[in-house]
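What follows is one chain in structure tokens, specifically the form predicted alone.
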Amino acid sequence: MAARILYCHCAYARVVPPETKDAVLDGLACAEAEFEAVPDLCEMAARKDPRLAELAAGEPLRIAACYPRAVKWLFASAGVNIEGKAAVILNMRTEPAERVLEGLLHDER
């Protein structure tokens, strides 16, 4: 089963370097990858947006956002547990865009 890709644009917190966000988004588009893009996972969690449960329902899930621990906490604060799921969280805050794209687009070996 192909992984579902979730891309967080980090529109409000702005903790991810803009050049990294843009490069990852461009890379996904150029690869013609199917992905879900959300404006901001932090904002969605603060509102307890039910869409988070929908996004987490499919497995496996690959998430381009920020710190994995923070992303897991965001989902949990909205009542969605992604701990036991096949979720891979790629940190656009600290990793280069190329490494994030590799993790999103290619199966782990």
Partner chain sequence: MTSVDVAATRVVIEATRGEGTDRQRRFDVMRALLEKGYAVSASRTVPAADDDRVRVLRHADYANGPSALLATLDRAREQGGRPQGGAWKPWFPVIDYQRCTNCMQCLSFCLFDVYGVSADKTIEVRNQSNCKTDCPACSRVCPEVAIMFPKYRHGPINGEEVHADDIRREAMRVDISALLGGDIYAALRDRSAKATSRFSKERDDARALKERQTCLVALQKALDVPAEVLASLPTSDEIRARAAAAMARAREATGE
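Note that the coordinates shown come from a computational prediction; the quantities given were computed from them, not determined experimentally. Positions refer to the first chain, counted from 1.
Below, we refer to the form predicted together with its partner chain, which is not included among the displayed structures.
Using a 4.5 angstroms limit between non-hydrogen atoms, Arg93 touches its partner chain in the predicted bound form. Its partner chain is not drawn, but in the predicted bound form it has a heavy atom within 4.5 Å of Asp22. Shown alone here, Ile82 lies farther than 4.5 Å from its partner chain in the predicted bound form, counting heavy atoms only. Interface membership of Pro60, defined by any non-hydrogen atom within 4.5 Å of its partner chain in the predicted bound form, is ruled out.
Contacts between 10-41 and its partner chain, taken as any heavy atom within 4.5 Å in the predicted bound form, involve Cys10, Ala11, Tyr12, Ala13, Val15, Asp22, Leu25, Asp26, Ala29, Cys30, Glu32, Ala33, Glu34, Phe35, Glu36, Ala37, Val38, Pro39, Asp40.
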